[in-house]
Structure formats: C-alpha cells, structure tokens
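The form predicted alone is given below as one chain in structure tokens.
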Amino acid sequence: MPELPEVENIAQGLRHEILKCGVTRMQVIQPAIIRFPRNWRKITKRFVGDNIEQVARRAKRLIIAFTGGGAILIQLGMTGKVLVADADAPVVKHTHVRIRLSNGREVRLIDPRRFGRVWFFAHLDSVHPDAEMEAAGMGRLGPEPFDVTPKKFREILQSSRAVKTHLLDQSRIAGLGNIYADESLFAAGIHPATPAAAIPPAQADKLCRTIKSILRRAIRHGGTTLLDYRNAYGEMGRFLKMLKVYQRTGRPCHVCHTPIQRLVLGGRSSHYCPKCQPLFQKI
C-alpha cells in the first residue's frame, strides 16, 4: 500500500495539473469502492460546477477539495493509482472513477484489485479533516511525522510494544508503513523488536530525525515502486534503489556486510541488520 511519500507525490502532481480547474462531469463506474456515504450520488452531483480548490494529503490519504466545501478522499490499496489523462484518452480496464475537468483533462482512479476506497464529503476541512474522517468511520490518526517534536516523539514511544509495530499504528503517528519504518529503524540503529519504551532518549531523538529525513528523501525521489505504484503521470518512484534493508533478506548490509534478516512482528515483515541494529530490552 502506498505510504506517505507516494501519496505526497501523487498530490504534488495533481496540484500542478488540476488546481482551479472546474469539474464538468463526475462518473463513478464501480460503486463498490465507495465507502461513504450511502447517498453519494447526491453529493457527487453537487461537485459538478465547482472548482478544485486544494489537493492535500493526510497520512496515506489523498484529499481533493472543492470550492463548494465538499471533498473526495481516496485511500489507495495495493494496486490503486490516481492518474491525470486527456479526457479523450482511452479508458483502461479497472478505471472506477472519472473526474472530467474544464481544461480537457480527467482525474482517473484505477484499481485492478479494488482494495482502495473512496469517501465523498459534502463538507470537509481539508486543512484539519480529522473530525469529519472519524465521523465517517475512518478511525483516529496521530500527528504527521513532520509535525512531531523530539519531546512529543519520546512520549509517543511510551509503550511496551515492539517499536516497529508501534510505528505502524496510525493512531500514534500517521503515514508510516513497512518500507519507511524499516528504513528509519536501520538508519537510527534500532532493532525492530525493541520495546518502544526501552529506546534510550538519544536513540529516540535520532529516530525522530531519521524518520523525517528518510521521508523527505523518498518524496524527492518520487517514492518507492515495488510493483504497482505510479505517480499522477504514471511514472514509477525512484527510491527503490536507495533501500538499505527493506526486502533485502539475505543480502549484505551496506554498512557492515552482515546478511540482512527478516522477522515477523504483529503479522508484518520486518527487515534489519542484526549487527547494526542492537536490541534494547530494558524498560
């Protein structure tokens, strides 16, 4: 599933292409992907004639906001893509939503496996959308990684859970997934099974800095394409070649040449170097 850098790259592309454009048609081809609300047809009719006021990101979610106060929120699944295309371009298979714009372009949601979901909001504060999202049954989100101070991050880590599992909890810190949690823990020299509260303060501060640094680098390089991820132009991310541990099981560590190992925590794979990432156990 696309993580923060991938969704941010899609948002950046959409901002460049569709901001201030008017909506001339809204077509839902596959209603099964619509999660909220039940009367979504009534809401989508209201979007026609509005202009696109903002394209935002909250955690791993993409928000397209309209001048009338409404918004579309998209959560991409494993195979979901949000692309910009000419309105007369052929419509590929598994295109589920089409938003036609006044500039002759379309925003298209394409998702072969239909793991992605769409929410339509008659009113959504795209700057502070959390309350409306929770009301729509989407659950509570923690702060954005870039907004977390070292002090706040040390407070977030006060848990006996494995730090990797804790970082994936979107109610604690929003936007991180398997890829960037693994890469951040490696860069900070922390074993993924370390109880979060056992991490020494200096290491916790380093991890806080490292998360932000790696996310920024991944954004600059277009995110990570493992299989299906594409940005708004259909381009692959370039961060794959920069991964140090994620999905490198058995290959030598870039620092010490020890083979990278894999373990399962909370049902999710974790990749780490057993030499570079010591396990802190005392809480």
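So that there is no doubt, residue numbering starts at 1 and follows the sequence shown. This structure is a prediction, so every number in the text was calculated from the model and none was measured.
Note that the form predicted together with the DNA isn't included here; everything after this is about it.
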Among 12, 269, 24, 261, which has any heavy atom within 4.5 Å of the DNA in the predicted complex?
269
Looking at 191, 154, 172, 108, which is the one with a non-hydrogen atom within 4.5 Å of the DNA in the predicted complex?
172
Partner contact check in the predicted complex: of 183-191, 88-96, 143-151, 208-216, the stretch with a heavy atom within 4.5 Å of the DNA is 88-96
So in the predicted complex, does residue 122 come within 4.5 Å of the DNA, heavy atom to heavy atom?
no
Residue 203: heavy atom within 4.5 Å of the DNA in the predicted complex?
no
Contact between residue 276 and the DNA in the predicted complex at 4.5 Å, heavy atoms?
no
Would you classify residue 36 as touching the DNA in the predicted complex, given a 4.5 Å non-hydrogen atom cut-off?
no
Taking the DNA as it sits in the predicted complex, which residues of 209-242 have a non-hydrogen atom within 4.5 Å of it? Please list them.
227
Working note: in the predicted complex the C-alpha atoms of residue 263 and residue 139, off by 3 Å or more, come farther
